[in-house]
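In the form predicted alone, a lone chain appears below as structure tokens.
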């Protein structure tokens, strides 16, 4: 498998990065309309991973992730509007179920697609108020998580961790202690370097997962589990080091750091933590 982006993919990465940077301050409805107009939901797996990483970097508030990687692989099509899916067998923490136009349900009788208004979904209060997670009450659910959903969460978490590292690096270059920037201290450099290595490892595995999905390779299930586990381990390191290096300012609601820390943590918890997927790889 080829692990280097081709010219079209690099161009897409630049376009997405520039578009997200320019539009991130827009209202959620306008952001969603922009993504739809650009056709990002129709992107194949590798290109979708490129898009999701940048949306994760910006803590995207729209239902793009759930629509593209939860609903679409289960229903086999894009929804009429936004969408999500219930495929964990319990419907306990379903991304965007409280606001989706269509919801795909994996039941004992197969996949059933219903209008969002027809499904009883109650939003659950979680530590990250910028994401929508709901409990869906539905009988005869069965478990069968799509690889694309795991890959999507993994690469989105990588994007969050990238933003955490960028914020931390900018902070340690400015923060003064003993008359010098704390970024000049060896211990600080080591922590930042460890964060970078963890991000690149998780990113490589997430892109590998996207490649296996695109090629329908036999190892796609293991690759998705590896990607989700690596992303969870990455967020744990970035969470701890990000808080420590940023100091007390990182705890405040006024600081951007807390948004990305919460989003990265949510990415690990949804659809199973790193420990869950490491255990699955042993089977």
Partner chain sequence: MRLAADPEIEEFRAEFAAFLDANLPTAEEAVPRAKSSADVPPWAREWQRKLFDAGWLVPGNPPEYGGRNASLPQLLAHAEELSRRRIYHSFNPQGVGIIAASILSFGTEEQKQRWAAPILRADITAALGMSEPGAGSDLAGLRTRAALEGDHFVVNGQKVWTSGAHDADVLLTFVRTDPTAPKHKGISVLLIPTDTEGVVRRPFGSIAHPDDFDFNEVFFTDVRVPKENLIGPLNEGWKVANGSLGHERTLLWLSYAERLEDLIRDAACDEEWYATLLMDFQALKLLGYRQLGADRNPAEVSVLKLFGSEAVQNATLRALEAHGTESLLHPASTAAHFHMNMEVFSSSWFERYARSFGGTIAGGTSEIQRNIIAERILGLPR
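Numbering follows the first chain given and starts at 1. None of these values were measured; they are calculated from a predicted model.
Same protein, other form: the form predicted in complex with the partner chain, not shown, and the subject of what follows.
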**Study point:** Three-residue site 5, 197 and 219 fully in contact with the partner chain in the predicted complex at 4.5 Å by heavy atom
**Key:** yes
**Study point:** Touches the partner chain in the predicted complex: residue 229 (any heavy atom, 4.5 Å)
**Key:** yes
Practice item. Find out whether any non-hydrogen atom of residue 23 is located within 4.5 angstroms of the partner chain in the predicted complex, and reply yes or no. Key: no
Practice item. Give a yes/no on whether residue 108 approaches the partner chain to within 4.5 Å in the predicted complex, heavy atoms considered. Key: no
Exercise for review: Answer yes if any heavy atom of residue 60 is within 4.5 Å of a heavy atom of the partner chain in the predicted complex; otherwise answer no.
Suggested key: no
Review point. Of 167, 211, 145, 133, which one comes within 4.5 Å of the partner chain in the predicted complex, counting heavy atoms only?
Key: 211
Practice item. Among 137-145, 99-107, 169-177, 123-131, mark the stretch whose residues have heavy atoms within 4.5 Å of the partner chain in the predicted complex. Key: 169-177
Practice item. Between 189-221 and the partner chain in the predicted complex, list the residues on our side with a heavy atom within 4.5 Å. Key: 189, 190, 192, 193, 194, 196, 197, 200, 201, 203, 204, 205, 207, 208, 211, 212, 215, 217, 219
